[in-house]
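One chain is shown next in C-alpha coordinates, namely the form predicted alone.
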Amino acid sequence: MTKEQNQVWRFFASVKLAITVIFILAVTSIIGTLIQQGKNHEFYVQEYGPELARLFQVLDFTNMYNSWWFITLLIVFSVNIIVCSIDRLPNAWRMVVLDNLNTTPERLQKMPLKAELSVSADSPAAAADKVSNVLAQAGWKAQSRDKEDGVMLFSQKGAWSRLGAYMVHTGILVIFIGALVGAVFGYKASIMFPEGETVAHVFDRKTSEPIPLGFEMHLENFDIKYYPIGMVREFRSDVVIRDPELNEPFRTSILVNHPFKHRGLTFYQSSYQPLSEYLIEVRNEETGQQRVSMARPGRQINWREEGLTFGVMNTMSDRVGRVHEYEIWFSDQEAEPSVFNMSDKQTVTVQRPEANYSFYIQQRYATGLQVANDPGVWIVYAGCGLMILGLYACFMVTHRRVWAYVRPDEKGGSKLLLCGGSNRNKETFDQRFAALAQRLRQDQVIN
(Lines give C-alpha, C1' and ligand atoms only; values in the text may rest on other atoms or scores of the structure.)
Protein backbone atom coordinates (compact mmCIF):
# COMPACT_ATOMS: atom_id res chain seq x y z
CA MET A 1 0.00 0.00 0.00
CA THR A 2 1.44 3.37 -1.03
CA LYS A 3 1.77 6.31 1.31
CA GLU A 4 -1.18 8.09 -0.31
CA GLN A 5 -3.34 4.97 -0.09
CA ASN A 6 -2.33 4.51 3.54
CA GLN A 7 -3.37 8.09 4.35
CA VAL A 8 -6.76 7.59 2.67
CA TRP A 9 -7.24 4.35 4.59
CA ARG A 10 -6.35 5.99 7.92
CA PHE A 11 -8.75 8.86 7.13
CA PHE A 12 -11.73 6.55 6.60
CA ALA A 13 -10.69 4.31 9.51
CA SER A 14 -10.68 7.29 11.86
CA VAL A 15 -13.03 7.30 14.83
CA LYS A 16 -12.95 11.11 14.70
CA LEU A 17 -14.46 10.95 11.21
CA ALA A 18 -17.25 8.70 12.48
CA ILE A 19 -18.02 11.05 15.39
CA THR A 20 -17.98 14.08 13.08
CA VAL A 21 -20.31 12.50 10.53
CA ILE A 22 -22.69 11.26 13.23
CA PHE A 23 -22.81 14.77 14.74
CA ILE A 24 -23.55 16.36 11.35
CA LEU A 25 -26.25 13.77 10.61
CA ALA A 26 -27.85 14.38 14.00
CA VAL A 27 -27.89 18.17 13.54
CA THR A 28 -29.25 17.99 10.00
CA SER A 29 -31.88 15.46 11.06
CA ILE A 30 -33.09 17.92 13.69
CA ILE A 31 -33.31 20.59 10.99
CA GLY A 32 -35.24 18.17 8.77
CA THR A 33 -37.65 17.52 11.63
CA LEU A 34 -38.24 21.19 12.41
CA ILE A 35 -38.69 22.20 8.76
CA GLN A 36 -41.59 20.44 7.06
CA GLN A 37 -40.39 18.49 4.05
CA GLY A 38 -41.79 18.31 0.53
CA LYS A 39 -43.99 21.44 0.57
CA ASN A 40 -44.21 23.88 -2.32
CA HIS A 41 -42.15 27.07 -2.38
CA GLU A 42 -45.16 29.28 -1.53
CA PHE A 43 -45.64 27.39 1.74
CA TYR A 44 -42.11 28.20 2.92
CA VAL A 45 -42.44 31.83 1.81
CA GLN A 46 -45.59 32.14 3.89
CA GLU A 47 -44.11 30.36 6.91
CA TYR A 48 -40.55 31.73 6.98
CA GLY A 49 -40.46 34.70 4.62
CA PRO A 50 -38.93 34.99 1.13
CA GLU A 51 -35.27 35.22 2.23
CA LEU A 52 -35.30 32.13 4.45
CA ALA A 53 -37.41 30.28 1.90
CA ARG A 54 -34.81 31.02 -0.78
CA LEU A 55 -32.00 29.88 1.58
CA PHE A 56 -33.85 26.65 2.35
CA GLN A 57 -34.23 26.02 -1.38
CA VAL A 58 -30.52 26.64 -2.06
CA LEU A 59 -29.44 24.34 0.79
CA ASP A 60 -32.12 21.79 -0.16
CA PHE A 61 -33.54 21.86 3.38
CA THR A 62 -37.05 21.36 1.99
CA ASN A 63 -36.18 17.95 0.54
CA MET A 64 -33.24 17.24 2.80
CA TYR A 65 -33.28 13.47 3.04
CA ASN A 66 -33.08 13.17 -0.75
CA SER A 67 -30.49 15.93 -1.19
CA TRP A 68 -27.09 15.16 -2.70
CA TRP A 69 -25.19 16.33 0.39
CA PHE A 70 -27.24 14.23 2.84
CA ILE A 71 -26.83 11.13 0.67
CA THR A 72 -23.09 11.92 0.44
CA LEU A 73 -22.91 12.02 4.24
CA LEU A 74 -24.57 8.60 4.41
CA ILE A 75 -22.12 7.21 1.84
CA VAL A 76 -19.12 8.61 3.77
CA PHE A 77 -20.54 7.16 6.98
CA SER A 78 -21.04 3.76 5.33
CA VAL A 79 -17.49 3.73 3.96
CA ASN A 80 -16.19 4.79 7.39
CA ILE A 81 -18.06 1.91 9.06
CA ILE A 82 -16.78 -0.64 6.53
CA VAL A 83 -13.16 0.51 6.74
CA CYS A 84 -13.24 0.69 10.56
CA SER A 85 -14.65 -2.83 10.73
CA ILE A 86 -12.09 -4.24 8.29
CA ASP A 87 -9.29 -2.47 10.18
CA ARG A 88 -10.26 -3.60 13.68
CA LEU A 89 -12.23 -6.83 13.25
CA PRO A 90 -9.19 -9.15 12.87
CA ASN A 91 -7.90 -8.23 16.34
CA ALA A 92 -11.33 -8.75 17.90
CA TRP A 93 -11.73 -12.08 16.10
CA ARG A 94 -8.33 -13.25 17.37
CA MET A 95 -9.51 -12.58 20.93
CA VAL A 96 -12.64 -14.67 20.31
CA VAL A 97 -10.83 -17.72 18.86
CA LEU A 98 -7.61 -17.35 20.87
CA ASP A 99 -6.16 -20.60 22.24
CA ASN A 100 -6.09 -19.57 25.88
CA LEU A 101 -4.81 -22.98 27.00
CA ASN A 102 -1.54 -22.09 25.31
CA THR A 103 -0.87 -19.54 28.05
CA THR A 104 2.31 -20.10 30.07
CA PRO A 105 2.35 -20.31 33.88
CA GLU A 106 4.79 -17.38 33.92
CA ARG A 107 2.20 -15.18 32.22
CA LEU A 108 -0.49 -16.25 34.68
CA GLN A 109 1.78 -15.23 37.54
CA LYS A 110 1.86 -11.69 36.15
CA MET A 111 -1.92 -11.33 36.07
CA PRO A 112 -3.23 -8.87 38.70
CA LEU A 113 -6.24 -11.00 39.66
CA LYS A 114 -5.05 -14.35 41.04
CA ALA A 115 -5.21 -16.69 44.03
CA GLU A 116 -2.72 -19.45 44.99
CA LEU A 117 -4.14 -22.40 46.90
CA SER A 118 -3.23 -25.97 47.92
CA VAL A 119 -5.28 -28.90 46.58
CA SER A 120 -6.03 -32.00 48.64
CA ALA A 121 -4.99 -34.48 45.97
CA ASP A 122 -1.77 -36.34 45.31
CA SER A 123 -1.37 -35.91 41.56
CA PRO A 124 -2.03 -32.79 39.42
CA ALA A 125 -4.43 -34.84 37.24
CA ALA A 126 -6.60 -35.80 40.22
CA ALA A 127 -6.45 -32.25 41.56
CA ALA A 128 -7.42 -30.90 38.14
CA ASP A 129 -10.47 -33.18 38.10
CA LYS A 130 -11.58 -31.83 41.47
CA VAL A 131 -11.08 -28.23 40.42
CA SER A 132 -12.87 -28.85 37.10
CA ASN A 133 -15.92 -30.26 38.94
CA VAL A 134 -16.12 -27.23 41.24
CA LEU A 135 -15.78 -24.86 38.27
CA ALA A 136 -18.57 -26.71 36.45
CA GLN A 137 -20.84 -26.43 39.48
CA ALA A 138 -20.16 -22.69 39.53
CA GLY A 139 -21.13 -22.38 35.84
CA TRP A 140 -17.62 -22.49 34.36
CA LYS A 141 -17.28 -25.39 31.93
CA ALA A 142 -13.53 -25.76 31.62
CA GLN A 143 -11.26 -27.21 28.96
CA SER A 144 -7.98 -28.80 30.02
CA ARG A 145 -4.56 -29.47 28.59
CA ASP A 146 -1.60 -31.28 30.06
CA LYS A 147 1.55 -29.27 30.53
CA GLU A 148 5.06 -30.50 31.17
CA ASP A 149 4.79 -29.82 34.89
CA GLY A 150 1.03 -29.75 35.46
CA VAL A 151 -2.48 -29.33 34.03
CA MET A 152 -3.96 -26.10 32.62
CA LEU A 153 -7.72 -25.46 32.85
CA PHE A 154 -9.54 -22.63 31.09
CA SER A 155 -13.13 -21.42 30.84
CA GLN A 156 -14.69 -18.28 29.39
CA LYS A 157 -18.06 -16.58 29.02
CA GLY A 158 -19.26 -13.96 26.59
CA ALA A 159 -16.36 -14.16 24.15
CA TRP A 160 -18.73 -13.25 21.32
CA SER A 161 -19.45 -9.89 23.01
CA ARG A 162 -16.20 -8.60 21.51
CA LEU A 163 -18.01 -8.72 18.16
CA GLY A 164 -20.87 -6.55 19.43
CA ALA A 165 -19.55 -3.33 17.88
CA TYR A 166 -19.25 -5.03 14.50
CA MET A 167 -22.80 -6.35 14.80
CA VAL A 168 -23.90 -2.74 15.32
CA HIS A 169 -21.87 -1.70 12.28
CA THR A 170 -23.45 -4.45 10.19
CA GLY A 171 -26.92 -3.52 11.45
CA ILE A 172 -26.44 0.09 10.36
CA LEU A 173 -25.30 -1.01 6.89
CA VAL A 174 -28.27 -3.41 6.61
CA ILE A 175 -30.62 -0.54 7.52
CA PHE A 176 -29.05 1.58 4.78
CA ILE A 177 -29.47 -1.29 2.31
CA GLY A 178 -33.12 -1.68 3.31
CA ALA A 179 -33.71 2.05 2.86
CA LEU A 180 -32.04 1.88 -0.56
CA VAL A 181 -34.21 -1.08 -1.61
CA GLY A 182 -37.31 0.81 -0.49
CA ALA A 183 -36.24 3.96 -2.37
CA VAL A 184 -35.45 2.10 -5.61
CA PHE A 185 -38.19 -0.54 -5.72
CA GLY A 186 -40.90 1.06 -3.57
CA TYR A 187 -42.97 4.18 -3.95
CA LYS A 188 -44.95 6.76 -2.02
CA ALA A 189 -48.35 7.74 -3.32
CA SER A 190 -51.52 9.52 -2.26
CA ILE A 191 -55.22 9.60 -3.04
CA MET A 192 -58.07 11.97 -2.20
CA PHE A 193 -61.59 10.66 -2.79
CA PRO A 194 -65.08 11.47 -1.38
CA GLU A 195 -67.43 9.46 0.75
CA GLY A 196 -69.44 6.92 -1.19
CA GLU A 197 -66.85 6.54 -3.95
CA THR A 198 -64.56 3.65 -4.84
CA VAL A 199 -60.95 3.81 -6.02
CA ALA A 200 -58.72 1.14 -7.53
CA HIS A 201 -55.56 3.20 -7.96
CA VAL A 202 -53.40 5.80 -6.24
CA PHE A 203 -51.13 8.53 -7.62
CA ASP A 204 -47.36 8.58 -7.37
CA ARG A 205 -46.26 11.59 -5.31
CA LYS A 206 -43.32 12.36 -7.61
CA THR A 207 -44.76 11.77 -11.07
CA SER A 208 -48.53 11.94 -10.34
CA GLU A 209 -48.87 8.80 -12.47
CA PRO A 210 -51.69 6.40 -11.47
CA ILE A 211 -50.60 3.16 -9.78
CA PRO A 212 -53.07 0.24 -9.75
CA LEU A 213 -53.79 -1.20 -6.33
CA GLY A 214 -54.94 -4.61 -7.52
CA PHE A 215 -58.09 -4.26 -5.39
CA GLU A 216 -60.86 -1.73 -4.74
CA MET A 217 -61.27 0.55 -1.73
CA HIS A 218 -64.70 2.01 -1.04
CA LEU A 219 -65.04 4.93 1.42
CA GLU A 220 -68.17 4.04 3.33
CA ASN A 221 -68.00 6.84 5.88
CA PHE A 222 -65.71 9.63 7.05
CA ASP A 223 -66.05 10.80 10.62
CA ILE A 224 -64.52 13.67 12.62
CA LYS A 225 -64.50 13.94 16.40
CA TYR A 226 -63.84 17.21 18.21
CA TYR A 227 -62.55 18.31 21.59
CA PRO A 228 -64.98 20.36 23.72
CA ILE A 229 -63.11 23.52 22.69
CA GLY A 230 -63.88 22.76 19.05
CA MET A 231 -60.48 21.48 17.88
CA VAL A 232 -60.30 18.29 15.84
CA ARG A 233 -59.46 15.32 18.04
CA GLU A 234 -59.62 12.51 15.49
CA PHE A 235 -60.65 11.83 11.92
CA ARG A 236 -61.35 8.37 10.61
CA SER A 237 -62.05 6.70 7.28
CA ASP A 238 -64.29 3.63 7.35
CA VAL A 239 -63.50 1.69 4.20
CA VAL A 240 -64.60 -1.54 2.52
CA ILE A 241 -61.92 -3.57 0.75
CA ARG A 242 -62.99 -5.63 -2.26
CA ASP A 243 -60.08 -7.86 -3.23
CA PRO A 244 -60.40 -10.57 -5.92
CA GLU A 245 -57.92 -12.66 -3.94
CA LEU A 246 -60.29 -12.74 -0.95
CA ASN A 247 -63.52 -14.67 -0.64
CA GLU A 248 -65.54 -11.68 0.53
CA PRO A 249 -65.16 -7.93 1.18
CA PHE A 250 -64.09 -6.76 4.61
CA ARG A 251 -64.40 -3.50 6.52
CA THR A 252 -61.69 -1.65 8.36
CA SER A 253 -60.98 1.84 9.69
CA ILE A 254 -57.97 4.04 8.98
CA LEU A 255 -57.10 6.59 11.65
CA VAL A 256 -54.24 8.96 12.30
CA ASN A 257 -51.38 6.90 13.84
CA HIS A 258 -53.36 3.72 13.10
CA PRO A 259 -52.54 2.82 9.49
CA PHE A 260 -54.04 -0.03 7.50
CA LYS A 261 -51.81 -2.61 5.80
CA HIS A 262 -52.82 -4.82 2.89
CA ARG A 263 -50.84 -6.56 0.15
CA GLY A 264 -47.57 -4.91 1.13
CA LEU A 265 -49.14 -1.45 1.07
CA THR A 266 -49.57 0.79 4.10
CA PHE A 267 -52.38 3.37 4.08
CA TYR A 268 -52.00 6.36 6.41
CA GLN A 269 -54.79 8.77 7.27
CA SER A 270 -53.20 12.11 6.43
CA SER A 271 -55.83 14.73 5.61
CA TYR A 272 -59.41 15.46 4.73
CA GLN A 273 -61.35 18.01 2.72
CA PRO A 274 -64.87 19.31 3.37
CA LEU A 275 -66.98 19.34 0.22
CA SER A 276 -69.83 21.64 -0.84
CA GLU A 277 -72.13 18.61 -1.00
CA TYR A 278 -74.54 17.42 1.66
CA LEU A 279 -76.20 14.10 2.31
CA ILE A 280 -79.89 14.60 3.08
CA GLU A 281 -82.23 11.90 4.39
CA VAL A 282 -85.97 12.66 4.50
CA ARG A 283 -88.43 10.14 5.97
CA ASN A 284 -92.21 10.21 6.25
CA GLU A 285 -92.76 9.39 9.93
CA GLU A 286 -96.23 7.92 9.22
CA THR A 287 -95.56 5.73 6.18
CA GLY A 288 -91.84 5.12 6.69
CA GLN A 289 -91.04 6.11 3.11
CA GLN A 290 -87.54 7.50 2.82
CA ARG A 291 -85.54 9.52 0.28
CA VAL A 292 -81.74 9.92 0.32
CA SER A 293 -80.32 12.73 -1.81
CA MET A 294 -77.07 14.52 -2.45
CA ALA A 295 -77.60 18.27 -2.29
CA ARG A 296 -75.67 21.40 -3.16
CA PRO A 297 -76.33 24.94 -1.88
CA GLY A 298 -79.06 26.76 -3.80
CA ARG A 299 -80.29 23.68 -5.70
CA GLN A 300 -83.80 22.32 -5.25
CA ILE A 301 -84.49 18.61 -4.77
CA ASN A 302 -87.85 17.10 -5.78
CA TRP A 303 -89.44 14.06 -4.17
CA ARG A 304 -92.30 13.49 -6.58
CA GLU A 305 -93.87 10.52 -4.81
CA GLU A 306 -94.41 12.64 -1.68
CA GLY A 307 -94.88 15.93 -3.50
CA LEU A 308 -92.00 17.50 -1.60
CA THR A 309 -89.36 20.00 -2.56
CA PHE A 310 -86.47 20.93 -0.30
CA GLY A 311 -82.92 22.23 -0.39
CA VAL A 312 -80.08 24.08 1.31
CA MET A 313 -80.53 27.83 1.05
CA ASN A 314 -77.44 28.93 2.93
CA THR A 315 -74.65 27.60 5.14
CA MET A 316 -72.36 28.88 7.87
CA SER A 317 -68.87 27.34 7.83
CA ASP A 318 -65.45 27.86 9.41
CA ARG A 319 -62.28 28.92 7.61
CA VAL A 320 -61.49 25.39 6.42
CA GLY A 321 -64.96 24.80 4.99
CA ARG A 322 -66.60 22.74 7.76
CA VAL A 323 -70.30 23.60 7.87
CA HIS A 324 -71.74 24.19 11.33
CA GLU A 325 -75.21 25.48 10.47
CA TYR A 326 -77.61 25.12 7.55
CA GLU A 327 -80.60 27.17 6.45
CA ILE A 328 -83.15 24.70 5.02
CA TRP A 329 -86.16 25.29 2.80
CA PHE A 330 -88.90 22.59 2.88
CA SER A 331 -92.29 22.55 1.10
CA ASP A 332 -95.11 20.10 0.30
CA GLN A 333 -97.14 22.58 -1.81
CA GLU A 334 -99.94 22.53 0.81
CA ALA A 335 -98.96 25.54 2.88
CA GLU A 336 -96.21 28.09 3.31
CA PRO A 337 -92.75 26.49 3.03
CA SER A 338 -90.92 25.70 6.25
CA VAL A 339 -87.65 27.59 6.64
CA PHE A 340 -85.44 26.56 9.57
CA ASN A 341 -81.82 26.31 10.73
CA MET A 342 -80.11 23.13 11.86
CA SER A 343 -76.63 21.84 12.69
CA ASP A 344 -74.52 19.30 10.84
CA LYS A 345 -75.46 15.68 11.59
CA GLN A 346 -78.68 16.79 13.26
CA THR A 347 -82.16 15.33 12.77
CA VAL A 348 -85.21 17.59 13.06
CA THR A 349 -88.92 16.94 12.66
CA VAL A 350 -90.70 19.07 10.02
CA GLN A 351 -94.41 19.36 10.68
CA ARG A 352 -96.52 19.72 7.53
CA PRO A 353 -100.31 19.60 7.07
CA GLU A 354 -100.30 16.15 5.47
CA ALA A 355 -97.54 14.45 7.50
CA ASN A 356 -94.53 14.91 9.69
CA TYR A 357 -91.09 14.33 8.21
CA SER A 358 -87.73 13.65 9.86
CA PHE A 359 -84.99 15.62 8.15
CA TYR A 360 -81.28 14.74 8.52
CA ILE A 361 -78.30 16.49 6.89
CA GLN A 362 -74.59 15.73 6.88
CA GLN A 363 -71.73 17.40 5.08
CA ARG A 364 -69.81 15.21 2.66
CA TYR A 365 -66.04 14.86 3.07
CA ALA A 366 -63.18 13.56 0.98
CA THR A 367 -60.46 11.61 2.73
CA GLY A 368 -56.77 12.05 2.02
CA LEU A 369 -54.64 8.91 2.31
CA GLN A 370 -50.89 8.52 2.00
CA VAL A 371 -49.81 5.15 0.60
CA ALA A 372 -46.37 3.60 1.06
CA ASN A 373 -44.99 0.54 -0.68
CA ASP A 374 -41.65 -0.29 0.95
CA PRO A 375 -40.22 -3.71 0.05
CA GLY A 376 -37.12 -2.89 2.09
CA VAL A 377 -38.96 -2.52 5.38
CA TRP A 378 -38.18 -6.07 6.55
CA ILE A 379 -34.51 -5.53 5.71
CA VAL A 380 -34.62 -2.41 7.88
CA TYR A 381 -36.27 -4.39 10.69
CA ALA A 382 -33.56 -7.04 10.42
CA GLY A 383 -30.90 -4.33 10.62
CA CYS A 384 -32.56 -2.84 13.70
CA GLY A 385 -32.66 -6.28 15.34
CA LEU A 386 -28.99 -6.80 14.59
CA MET A 387 -28.19 -3.37 16.03
CA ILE A 388 -30.11 -4.14 19.24
CA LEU A 389 -28.32 -7.47 19.60
CA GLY A 390 -24.97 -5.75 19.03
CA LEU A 391 -25.72 -3.02 21.57
CA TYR A 392 -26.77 -5.67 24.07
CA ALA A 393 -23.46 -7.46 23.51
CA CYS A 394 -21.52 -4.20 23.84
CA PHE A 395 -23.09 -2.94 27.05
CA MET A 396 -24.68 -5.93 28.80
CA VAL A 397 -22.35 -8.86 28.06
CA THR A 398 -18.80 -9.09 29.40
CA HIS A 399 -16.00 -11.31 28.16
CA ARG A 400 -14.89 -13.14 31.34
CA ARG A 401 -12.04 -15.62 31.49
CA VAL A 402 -10.79 -17.97 34.22
CA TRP A 403 -7.56 -20.02 34.25
CA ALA A 404 -6.69 -22.72 36.75
CA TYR A 405 -3.15 -24.12 36.67
CA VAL A 406 -2.47 -27.20 38.81
CA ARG A 407 1.12 -28.35 39.44
CA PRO A 408 2.84 -30.65 42.01
CA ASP A 409 3.62 -29.21 45.42
CA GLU A 410 7.10 -29.82 46.83
CA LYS A 411 5.52 -30.50 50.25
CA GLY A 412 3.14 -33.07 48.80
CA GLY A 413 -0.19 -32.78 47.04
CA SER A 414 -0.74 -30.10 44.43
CA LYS A 415 -0.75 -26.34 44.08
CA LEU A 416 -3.48 -24.37 42.31
CA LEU A 417 -2.99 -21.00 40.65
CA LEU A 418 -6.41 -19.47 39.93
CA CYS A 419 -6.42 -16.41 37.65
CA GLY A 420 -9.09 -14.38 35.87
CA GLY A 421 -9.78 -11.33 33.79
CA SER A 422 -12.59 -9.29 32.29
CA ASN A 423 -12.68 -6.74 29.50
CA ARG A 424 -15.19 -4.52 31.38
CA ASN A 425 -17.19 -4.40 34.63
CA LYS A 426 -14.01 -5.32 36.46
CA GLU A 427 -15.35 -4.60 39.94
CA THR A 428 -18.23 -7.01 39.45
CA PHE A 429 -15.92 -9.67 38.05
CA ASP A 430 -13.49 -9.22 40.98
CA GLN A 431 -16.34 -10.00 43.37
CA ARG A 432 -17.34 -13.09 41.37
CA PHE A 433 -13.73 -14.25 41.22
CA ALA A 434 -13.39 -13.92 44.99
CA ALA A 435 -16.64 -15.89 45.41
CA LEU A 436 -15.28 -18.62 43.11
CA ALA A 437 -12.06 -18.93 45.14
CA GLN A 438 -14.11 -19.07 48.35
CA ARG A 439 -16.29 -21.81 46.86
CA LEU A 440 -13.21 -23.89 46.10
CA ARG A 441 -12.23 -23.60 49.77
CA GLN A 442 -15.70 -24.43 51.07
CA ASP A 443 -16.03 -27.53 48.87
CA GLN A 444 -12.98 -29.02 50.64
CA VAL A 445 -10.97 -29.10 47.46
CA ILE A 446 -8.45 -26.80 49.13
CA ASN A 447 -6.52 -27.63 52.33
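Position 1 is the first residue in the sequence shown; the rest follow in order. Not measured: the values here are computed from a predicted model.
Quick note: we don't show the form predicted together with a small molecule, though the next part is all about it.
*Counting only heavy atoms and a 4.5 Å cutoff, which of 393-401, 35-43, 411-419, 375-383 contacts the small molecule in the predicted complex?*
Partner-contacting stretch among the options: 393-401.
*Any of the heavy atoms of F154 lying within 4.5 Å of the small molecule in the predicted complex?*
Looking in the predicted complex, residue contacts with the small molecule do not include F154, since no heavy atom lies within 4.5 Å.
*Taking heavy atoms only, is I22 within 4.5 angstroms of the small molecule in the predicted complex?*
Judged by the heavy-atom cut-off of 4.5 Å, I22 is in contact with the small molecule in the predicted complex.
_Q363 within 4.5 Å of the small molecule in the predicted complex, heavy atoms_ = No.
*Should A435 be classed as touching the small molecule in the predicted complex when contacts are defined as heavy atoms within 4.5 Å?*
Flag for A435 set to no.
*Have a look at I81, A142, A295, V174 for me and say which one sits with a heavy atom within 4.5 Å of the small molecule in the predicted complex.*
Flagged contact: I81.
*Note which of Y272, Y268, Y166, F330 lies within 4.5 Å of the small molecule in the predicted complex, where distance is taken over heavy atoms; exactly one does.*
Partner contact (heavy atom, 4.5 Å) among the options: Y166.
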